[in-house]
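The chain below stands alone and is given as structure tokens, in the form predicted on its own.
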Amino acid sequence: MRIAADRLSAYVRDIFMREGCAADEAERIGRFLVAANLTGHDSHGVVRVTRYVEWLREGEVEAGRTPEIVSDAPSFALVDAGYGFGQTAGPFATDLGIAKARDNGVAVIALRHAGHLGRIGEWAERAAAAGLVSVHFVNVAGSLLVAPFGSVERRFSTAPFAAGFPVQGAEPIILDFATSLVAEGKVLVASRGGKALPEGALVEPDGRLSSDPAILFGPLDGVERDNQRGAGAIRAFGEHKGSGLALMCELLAGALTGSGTAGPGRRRICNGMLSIYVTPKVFGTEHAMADEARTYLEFFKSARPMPGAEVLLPGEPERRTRAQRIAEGVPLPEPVWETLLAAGRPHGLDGDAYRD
């Protein structure tokens, strides 16, 4: 099925308003989740709604929290989200970094104790739209999902990394990926009838590779998914390289910010993010940088593709998907739509009415 993006956003907004969120926060949750679907990152989109509702009811994430600046300096800030929604903390921390970098050339923003921040590329895009280069290291405290290279046991979160590079007169370059071979949300989507996982994305306790979501979630009966029920783990991407980058994300976003790492032991689930923002003109090379970037990107794109392949810039697939889904609607597997209908039903919301 397909549903218009604005109608889907409105439905998600109304669910969270009835779950106790203020209208502006509920609107952000709906808008940013659907924005992830629009870019093709369904793993960070509305498939997350039922989990957000569960976290909200259990007190894992809290509505109406205003991020607090704990430590402040001209080019630095430590922000504590107070376990509030990432859709509130993410824009707050990013806008703070943009403002500080514009005033001082560079800024480092440490964000801790945030609810799920969603697609991290969203924040790199936000900075690039303001003309800033940015780099983002992220981890998830209390979320042991990924096995290090050479292991079958969970030691990392999916530990995302993102970077954005503005290009005058052209679309920005946006690099955004989990350091795991697949994001946990992609396993979630696959478990609910969405796109199948790549072969060998998961590893079983005996070392066998698998693409079966039950390896992570356990038996796939019912609507709920608990990634702690499965006996296996997600694999790190790129062998030792992805494993090493994941380790740095845990240290920079979790240990350095004070947000906490993935383990060991039981920990409250939250995102930490260490972000670096740079204003190009501070180096006195803004125009030269733009010229060099455009020249190099044209050179990059001119590389002869392999048979049946295409040379794409980071962010290009997302822009294409966004344009298509805005025009045609957001595609949702029926099992995912059923979870959304179930989330609205206790509040008297008829999700199907939003499709009209």
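Numbering starts at 1 and follows the sequence shown. Quick caveat, the model's predicted, so the values are computed rather than measured.
One more form of this protein exists, namely the form predicted together with ligand NAD; it is left out here, but the text below deals with it.
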Report the stretch among 69-77, 89-97, 252-260, 179-187 that approaches ligand NAD in the predicted bound form to within 4.5 Å, counting heavy atoms only.
179-187
Using a 4.5 Å heavy atom cut-off, are H41, L117 and L312 all in contact with ligand NAD in the predicted bound form?
yes
Although ligand NAD is absent from this view, report whether P317 comes within 4.5 Å of it in the predicted bound form, heavy atoms only.
yes
4.5 angstroms heavy atom contact with ligand NAD in the predicted bound form for V140
yes
Quick one: does A214 come within 4.5 Å of ligand NAD in the predicted bound form, counting heavy atoms only?
no
So in the predicted bound form, is ligand NAD close enough to N271 to count as touching (4.5 Å, heavy atoms)?
yes
Just to be sure I understand the contacts: of A110, A233, I174, A107, which is the one whose heavy atoms reach within 4.5 angstroms of ligand NAD in the predicted bound form?
I174
Using a 4.5 Å cut-off on heavy atoms, which residues of 154-172 contact ligand NAD in the predicted bound form?
T158, P160
